[in-house]
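One chain comes next, on its own, written as structure tokens: the form predicted on its own.
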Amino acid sequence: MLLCRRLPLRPLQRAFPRSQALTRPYSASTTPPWRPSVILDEWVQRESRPISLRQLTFFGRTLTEARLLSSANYVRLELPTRLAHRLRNMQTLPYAALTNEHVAHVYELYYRAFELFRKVPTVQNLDDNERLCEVLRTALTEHLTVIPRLAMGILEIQDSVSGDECDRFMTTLLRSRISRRVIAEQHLALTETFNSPWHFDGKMSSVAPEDEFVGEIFLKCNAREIVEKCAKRARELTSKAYGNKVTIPEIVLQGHLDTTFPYIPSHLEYILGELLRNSIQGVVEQSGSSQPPPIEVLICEAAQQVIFRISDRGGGIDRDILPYLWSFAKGPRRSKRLKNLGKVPRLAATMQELQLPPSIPDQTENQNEAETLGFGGSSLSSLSARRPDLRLGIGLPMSRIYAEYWAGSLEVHSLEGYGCDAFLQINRLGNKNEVLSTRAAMDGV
């Protein structure tokens, strides 16, 4: 990793000592090492400062060096604060749960990242910012293991922690993970914008006219276009996963098709991608080789929300699964989920990481198509590719966390023997703060 090599700049060596590198090897089978709590206590006392899409947009549209450095200093303080709260949450687990190899792995990743970020000095110039960005990139890559390891961990610790507690714990950690990645990726995108050849310091033209992005935020997400992109990708993946013997259902769009709104595309792509894949797979398995009924997507634009309704005739959700639809920890097929999660060492929770294995001849074509569709922009996706038919049991609960993060909602209604209606509601104004988990209690341990 870049972070581990010796850099010529002395301030970086003092700020990020080699012993604190995120890539330090760790044996997850051992008990997490003891550390004094006084430093963590100081950071747990700090409150997180939530942000909204509108705030991020206004801040980044007229990008100056001073604003970029202000963003860097917000990142260097906010990341260790949010990590400290989640570390304290993990410390409240029973000892048997915290020593689970998967939970312990995540705990060590978080603690090393916390130690690294809290020691970052004030970012005073662009060179300091570049060093911070290098650390952010390394941390984003290192933490790709968090989702599968957490998911396996909570499936294994239910002898000491109830299923409901496991779900609350998982939701808290994943919501915080999304928030940290938004902060880090937004700053990296702003830095890229600032360094781009078309950027003029302090001018509104700092937003490229051809894409209208402010960092990671797309100012004019078009409802029809994003559904069509997700639908095309989902249909292609399902077709190649099931083979030529099945007919893939058509996706029919209705309603306010020209609705636009500001959003982070990867969040919406993940949610819609999961919903459409589930619907397509359900219809294919219900219909077999016969002509399948279409899947209907209705887009409704309200004053403050955009609502997506996805309706299929895939037979509905199995009765034994329905009560646990939103659970990470509960439900049947636990051993199969553990086996499948073990095949996915890294997971970014993005639509573009769904790829067929390289053994399939047209894999390269698949990747090129994904890039054409706008799914291949994340460098993290190539590090976390997984089969689209590998069912992990976390897609829907993860989608709900994404939906609720920006004050939206996700509901699924199943009609046994007929099909499902999924309702996704998102805020179209971008004026709602991110939904963060409550601050960890000081007396947690």
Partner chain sequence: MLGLRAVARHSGFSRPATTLITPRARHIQTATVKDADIARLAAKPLHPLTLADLCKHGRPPLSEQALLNSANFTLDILPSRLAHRIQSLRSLPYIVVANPNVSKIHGNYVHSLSTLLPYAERRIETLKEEVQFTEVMADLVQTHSNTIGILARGFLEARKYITAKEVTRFLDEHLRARIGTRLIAEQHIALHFSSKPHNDLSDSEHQNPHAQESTYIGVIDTALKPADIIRRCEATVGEICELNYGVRPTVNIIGHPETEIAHIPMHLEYILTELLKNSFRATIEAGMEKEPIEITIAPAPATEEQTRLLKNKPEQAVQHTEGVITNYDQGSVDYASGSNKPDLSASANIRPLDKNTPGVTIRIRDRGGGVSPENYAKLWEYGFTTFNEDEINDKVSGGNGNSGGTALDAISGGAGGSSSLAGLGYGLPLGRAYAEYFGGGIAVQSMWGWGTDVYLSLRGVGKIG
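Residue numbers count along the first chain shown, from 1. All values reported here derive from a predicted model rather than from experimental measurement.
Keep in mind that the form predicted together with the partner chain is missing from the display, and what follows is about it.
- Though the partner is left out of this view, Ile307 does reach within 4.5 Å of the partner chain in the predicted bound form, counting heavy atoms only.
- Heavy atoms of Gly417 reach within 4.5 Å of the partner chain in the predicted bound form, making it an interface residue.
- Interface membership of Arg333, defined by any non-hydrogen atom within 4.5 Å of the partner chain in the predicted bound form, is ruled out.
- Taking the partner from the other structure, the partner chain in the predicted bound form has a heavy atom within 4.5 Å of a heavy atom of Leu298.
- Here is the short version: of Lys339, His256, Lys119, Lys220, the single residue with a heavy atom within 4.5 Å of the partner chain in the predicted bound form is His256.
- Checked against the partner chain in the predicted bound form, the residues Glu47, Glu65, Glu42, Glu411 give one hit for a heavy atom within 4.5 Å, which is Glu411.
- Of the candidate stretches 178-186, 129-137, 82-90, 307-315, only 307-315 has residues with heavy atoms within 4.5 Å of the partner chain in the predicted bound form.
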